[in-house]
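One chain follows as structure tokens, the form predicted on its own.
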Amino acid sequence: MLDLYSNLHLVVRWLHVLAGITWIGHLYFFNFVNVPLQGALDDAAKKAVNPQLMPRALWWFRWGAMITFFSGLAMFVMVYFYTPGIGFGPTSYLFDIGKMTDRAMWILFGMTLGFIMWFNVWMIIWPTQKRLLTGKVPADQVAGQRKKALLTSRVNTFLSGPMLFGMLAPSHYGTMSIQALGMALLLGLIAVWWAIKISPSVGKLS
């Protein structure tokens, strides 16, 4: 309990995981649940449902992304650029015998995808949805803006599989190679594709 660094590290990691669950959970909700629902609603139903549903869901979605992003950066600095009792500077987790470690390459792979996903949330998905919800999109552009938000959300969904592999690999896999990277990409993309494929249509329970 007196080890400030270890306690802070645990709290930051816990916050990162909790926020990540919130973010990715809402991403999957939008893609696996809400997209089929929206396709089954007519414009009148959307005007009744979406003002109640979307602002709340998008609030948790975007702030989950923001907290995940910044707590992840903090944790990266703590693990890869800080040594307790010594101070700031590259640690052995980042470089070993003069070269970048496999562990660091995995986490940087995951962080790169995570950054793209965060950017898509805050710079494309949320601004587009905000304009749609506030009625600031001309009627003839609504369909195009909805498609833009959907496609960006789909990109994030497909990136989430490889991204999560990259986040887990440093502690649970280790070895980085072209073959391992290809496996991470392939498994992640297949997992998300399969989840979208088996997602039941509205009204179908089995």
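Counting begins at 1, following the sequence as shown. Remember, predicted model here, so these are calculated numbers, not experimental data.
The protein also exists as the form predicted together with a small molecule; that form is not presented, and the subsequent description refers to it.
Though the small molecule is absent from this view, in the predicted complex it lies within 4.5 Å of a heavy atom of just one residue from L73, I124, L132, L94, which is L73. The single contact residue among V11, I21, L186, I198, judged by any heavy atom lying within 4.5 Å of the small molecule in the predicted complex, is I21.
Shown alone here, I107 lies within 4.5 Å of the small molecule in the predicted complex, counting heavy atoms only. Looking at M54, you'd find every heavy atom of it more than 4.5 angstroms from the small molecule in the predicted complex.
Within 4.5 Å of any heavy atom of the small molecule in the predicted complex lies no heavy atom of A191.
The shortest heavy atom separation between S171 and the small molecule in the predicted complex is within 4.5 Å. Remark: of stretches 54-62, 176-184, 163-171, 133-141, the one touching the small molecule in the predicted complex is 163-171 (heavy atom within 4.5 Å).
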